[in-house]
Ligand SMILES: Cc1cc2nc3c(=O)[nH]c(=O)nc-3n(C[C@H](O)[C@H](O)[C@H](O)COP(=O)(O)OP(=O)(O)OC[C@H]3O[C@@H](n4cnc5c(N)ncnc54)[C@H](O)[C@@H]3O)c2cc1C
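What follows is one chain in structure tokens, specifically the form predicted alone.
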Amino acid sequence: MLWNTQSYTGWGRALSAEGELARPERAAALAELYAHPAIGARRSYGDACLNSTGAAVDMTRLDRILSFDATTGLVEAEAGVPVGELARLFAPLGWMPTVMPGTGFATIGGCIAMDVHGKNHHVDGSFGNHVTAIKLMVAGKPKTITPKRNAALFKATVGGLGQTGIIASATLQMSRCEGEGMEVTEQRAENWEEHIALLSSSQAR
């Protein structure tokens, strides 16, 4: 595995880090890299991806769709797949990631590590609520964890900022959608109280 010393930033670009980065192209390479923290597309608002004191594994080249069930909407994807790519590929087939963050550039691994939310959080919860399985590198070997199997490790991994190990891939439960389009209805509120009342009474996801 080749390591390159690079300077990199988070999305805010307020701070930067300089350190060695590895960019594996095959999941098998993770067996040698499991002891290092993983980073994705670096689209977090904060600086969680910065590791100035050591090396890191850039997961963005591990970006393959491993399986998709058109009947159930279950998709398994490598950690480096951008969540927007799932929408691009599967919305025409009637499926969307249930939770979409504010940017489609965030990777699947990053969405799990940060347990991102979307505009439908009040109804559908956060990203981790729709992850059915994670393939996690533990001591150099892939270990499948689910909400019921190795449940404590699963809970620690979702929203765990990558501290439990490198996420190699994950299986997500997507939701049905009617197509690629979106219908928007605008409604003007006359004042703050009416605005809050409209939000409270809304049944929209």
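Numbering starts at 1 and follows the sequence shown. All figures in this text were calculated on a predicted structure; none of them were measured in a lab.
Heads up, the form predicted in complex with the named molecule isn't pictured, but that's what we're talking about next.
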Is it the case in the model of the complex that G128, V158 and L172 each bring at least one heavy atom within 4.5 Å of the named molecule? no
Only one of N120, T132, T72, T103 comes within 4.5 Å of the named molecule in the model of the complex by heavy atoms, so just point that one out. T103
Selected contact from L153, L33, A48, C177, since only one has a non-hydrogen atom within 4.5 angstroms of the named molecule in the model of the complex: A48
My question is simply whether I166 lines the interface with the named molecule in the model of the complex - judged by any non-hydrogen atom within 4.5 Å. yes
Hey, in the model of the complex, does G109 get a heavy atom within 4.5 angstroms of the named molecule? yes
Should A41 be counted as a contact of the named molecule in the model of the complex, where contact means heavy atoms within 4.5 Å? yes
Looking in the model of the complex, any heavy atom of L86 within 4.5 Å of the named molecule? no
Select from 3 to 21 the residues with a non-hydrogen atom within 4.5 Å of the named molecule in the model of the complex and write them out in sequence order. W11
